[in-house]
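So here's one chain in two forms, each on its own in structure tokens, numbered structure 1 and structure 2.
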Structure 1
């Protein structure tokens, strides 16, 4: 094999390795029979410098969980944007789609500056208390899209196929398909079908990133990705670079073939745009390109103007105030239930990077993305929707996978005491009250060791006129932790007759102690 091809192969192997690691960790983001998850499934977020910077700025604290991000910065200081070219799973997937999606035209003019603008908006907004990283962080987009849409969709399609054979196929077909299905379930499919609110939103956002490949290879990476922008700025100081720093006169190869379009109109190479894919080792007709350690000399300035940055800075300052003047954020009736271990609401909103890890891991599919119900600030944060799924009393998984500590890691004892909300009965609907029908399924399921739901025994006159002894439930508010299993199991059609509402924080806002 030609030596230059070896480099390319090495890069591809590395990319595939990290993609496989990413997918493996994605699949491991689930209950495995142990109360603790044995792998650092949130690794890709924990070494994400963009998330680290945005959370640190917004909370004004250093989050120890995010320290691995320094390793990526260190790597970039030496080698430049190898992270983009060799590690990032989104980049790898985009490279992979290049075989399918071919650019329809040459990009009209370079749009590299947009990513610096986005980065600036995110960081300035963060400094003013608004966390926008989740909208544009590549891992947030990718993981959330996979959790909410791609993975459930994949499972639904595959399962529908096997179900069709199971229900309609002849006996011999089922004998073949069921073992295959079992193998799929053990190795490829998620443990169960999860359902999320409005999967189309996350799907379209993720698909959009791929669709942009129509406008040019790695369109997202070179023009939009704020993490790429951040690493680009760092790599202005990196030592490992391509030589020569100028594209040759009368040769268009670099200009046309470079997937990152790292050359400006004056043929100068912008080292910070290069993701070290090493393609130019091969396509250079004169075979003069090399990569080696050299002092960080930059011939061209960063492709962004002061105007752009000022505009971005002003936007970054304005957006947090746009959120602050939104009544939605002040409206107590719009408060949602946060997962167990969540920080106080204000800190939670600043710390959560909307990665979707907790949605993925939730063993009851109880966590759902917030969409517009809480205004701009709350979009894609997790909320507990008990009617769809309740919080399992002994489970502490979401706190374990949260990469930023927006959900704290809880011990079993802390979990049992953590108040997510409080249950309230609606006596107009609750069967023993509303229609003198025995029920108390809620009491049966209430998991607190001293039941938070109790009942009064009353004798009433039944429909036929005969005396009837009924058990009528009520909540001992101090014992209720708001797990929501009562709301989930209530047999009424439509909304449950017992519902969990946010507690604690909101009431202390209203009635300061």
Structure 2
């Protein structure tokens, strides 16, 4: 086999392997009947240098979970941006859509500097305490979009198709489709049909990355990806490089065919832009291109100006202070319930990279993404919404999949004692208070070993003037952990008569027991 074809096939095999690994780990981020995730499902986040740098800067702490990112830095120091061209699952998916999404216009003027601007804004903002990595990190965009929109949508469509055959198809079709559906449920479909708030937002953000392919191949990677920018800067010192470093005179092949647009107007190769796709081994008409180990020589400067960097730095400094003066973020009534194991709110916001892994693994679909309820700082962080689902008392999965430690990994005993919030009864809605109607549903479901919901027995005058003995619930605050099951199972339509508030938000003056 032709040596150049071997390199190309090797890259394709490598891309397929890591994409398959990514999809396998994504599917394993799910409840399987056990309170244990047997795989390192957050692996791609743990070797993400952008997430590691942003979290380290924001928290001023080295997070051991993110140390594998140093391996990617080491790999880049040797081979350049091989991670972008050979490993990144988002890059592989973009390559895979090349036959479907073709550029509709001539290549735009290179916009490579934008990714360095975005990287600077993210890192400077992180240094001042604002975590923006989740907005632009390629893994956060990809996983969050898949968790909140793509996976639930795929499950709904596939299930609807099989349901249509089952309920309306002929008998022979059902006999064929049911074993196929069982196989889908075992290996491809998620454990349950999840529902999330505003899935269209995450879907549009992810679809936008793919839509940019209309403007040029790997448009996101070449111009916008801050992780690519970080690896590009590191690759300036790499040893594995293309030769020759100059495009040939009277030949536009490198300019026109390079998917990363790695040549400047003076025909100089910018090593930091090359993702080692190896296409130039094939399209070079003179067949003179090769890749080999050589001392790092950079004839072209990084395509970003000092003015760009100063502007990005000032933006990165301004944004954290803009968030600090946002009254929305300071309004106590807008505080949300965080998942079990969450760090203190300020540290949690700095550490969470908005990946959506905890949302996916939540058994009861209780974790939902925050949108603008807490201002810019809280967007896409997880919150517990008890009316949609409660926190399973014996579940510790969300802490197991968090890649940055924003959610601590809890033992079952620690989970049972962790206080998410406190339940409070609304006497204007609770049936025994508001209409003298017997109801003990909340107490029946309370999971704590010593019931956190108990009753006062009172005698009231019922319909017709007869005496009626009622059990009126109240909460033992020290026993309540705020799992939210009481709010979930409250039989009232609309808002529940018992609400869970973040710990510290409860005023006994408002709802006296």
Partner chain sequence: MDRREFLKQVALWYAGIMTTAPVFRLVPRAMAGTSASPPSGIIVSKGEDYFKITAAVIEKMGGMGRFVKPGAKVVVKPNIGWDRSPEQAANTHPQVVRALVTLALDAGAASVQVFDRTCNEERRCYQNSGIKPELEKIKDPRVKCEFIDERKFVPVKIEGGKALKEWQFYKDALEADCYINVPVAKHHGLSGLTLGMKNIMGVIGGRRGQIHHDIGRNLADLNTVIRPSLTVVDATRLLLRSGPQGGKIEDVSIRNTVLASTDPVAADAYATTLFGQTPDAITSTVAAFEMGLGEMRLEKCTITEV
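Everything quoted here is computed from the prediction, not taken from an experiment. Residue numbers count along the first chain shown, from 1. Between two forms, the rigid core is the largest collection of C-alphas that superpose within 1.5 Å.
By the stated condition, namely the form predicted in complex with the partner chain, the first structure is the one that fits. When two forms of a protein are overlaid on their rigid core, residues whose CA moves 2 Å or more are considered shifted, and residue 467 is one of them between structure 1 and structure 2.
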